[in-house]
Structure formats: structure tokens, C-alpha cells
Ligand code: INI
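The chain below stands alone and is given as C-alpha cells, in the form predicted alone.
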Amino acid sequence: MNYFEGNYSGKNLKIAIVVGRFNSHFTEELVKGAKDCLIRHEVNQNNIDVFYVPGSLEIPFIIRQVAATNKHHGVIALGAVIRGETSHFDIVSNEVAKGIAQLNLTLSIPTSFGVITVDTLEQAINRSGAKSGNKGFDAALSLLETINLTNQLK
């Protein structure tokens, strides 16, 4: 029996981060976490490209455009959607998740999901670097593992 598992080496990888500016207090912390993870795992700082979009709903479109350049080994999607008084939260969180999932099935490079979808500001604080860690860091780590596993299949 053969087992395959990716590692976390970022050596010689070029990574894109696509991040929504909406709720930037939280998304900037997610970017810091993702960059911290990538650099700790040997991704050269000059091989990290960050693309800012207005909000989370625009993330999948730009991921597709970034992937089409064939310049990156993978993409990290970062955003923060916080529940408000209307159904806008449900629409945005569902559609961005569906869009990124669809891209993962159709693109030749992986995308990791680091869009936090929370009910409260406290939850956003916790997921962007406080009690629950940093989901940007987690998304970067997942991406590195997926890239390295994919490379074993070639």
C-alpha cells in the first residue's frame, strides 16, 4: 500500500494572496498571518504577491485571473464576512465559498479558503489572530501541503 502526504516546504514556490479590503481591520491581520506562515516555511518574500479586491464576493473572479497568468503555484483566498441585520451575510458567504470551491475543481493550481464568516466582531477578532489563532496562517499552511501533494502526483 502506498500513502501520499504533502509537506509544508515553500522553497521555490510563488504564491498569490487574494484578499478583500472590506472589514480590512481583520483581513489585514489574515494577510499578516498568511505571510508569516509562508516565510516561516521558506517562501521567499519576493515570491508572495498580494492582490486586493473590494470585498469577498470579488475574490473568485480575481483568483481565476491570477491563475490564468501561470505565474503562481497556488492562491490563498482571504476575506472577512460579518453577519449584519440583513440576509446579505448569507448571500456573500455562500457565493464566495461556492465560487472558490468551483475554482478548485477547474483550475490547475490549488486555492485555499481563508475567508472567515462570523456572527460577531469578537469571533472575527478571535479568528484573525487572537484566541482561535490566525485563519490566514492556517490557509497558507493548507495551501503549501496541497501544492506539495499535487507535485507528487506529477
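Values in this document were obtained by computation on a predicted structure and should not be read as measured data. The first residue of the shown sequence is 1; numbering continues from there.
What follows is about the form predicted in complex with this ligand, which we do not show.
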With the partner omitted here, the residue among Asp36, Glu58, Glu42, Asp49 that in the predicted complex has a heavy atom within 4.5 Å of this ligand is Glu58
This ligand in the predicted complex: contacting segment from 28-36, 99-107, 50-58, 120-128, heavy atom within 4.5 Å:
50-58
I'd like to know whether Ser142 contacts this ligand in the predicted complex, with contact meaning heavy atoms within 4.5 angstroms.
no
Can any non-hydrogen atom of Val81 be found within 4.5 angstroms of this ligand in the predicted complex?
yes
Taking the shortest heavy atom distance, is Asn134 within 4.5 Å of this ligand in the predicted complex?
no
Give a yes or no for Ile63: in the predicted complex, does one of its heavy atoms lie within 4.5 Å of a heavy atom belonging to this ligand?
no
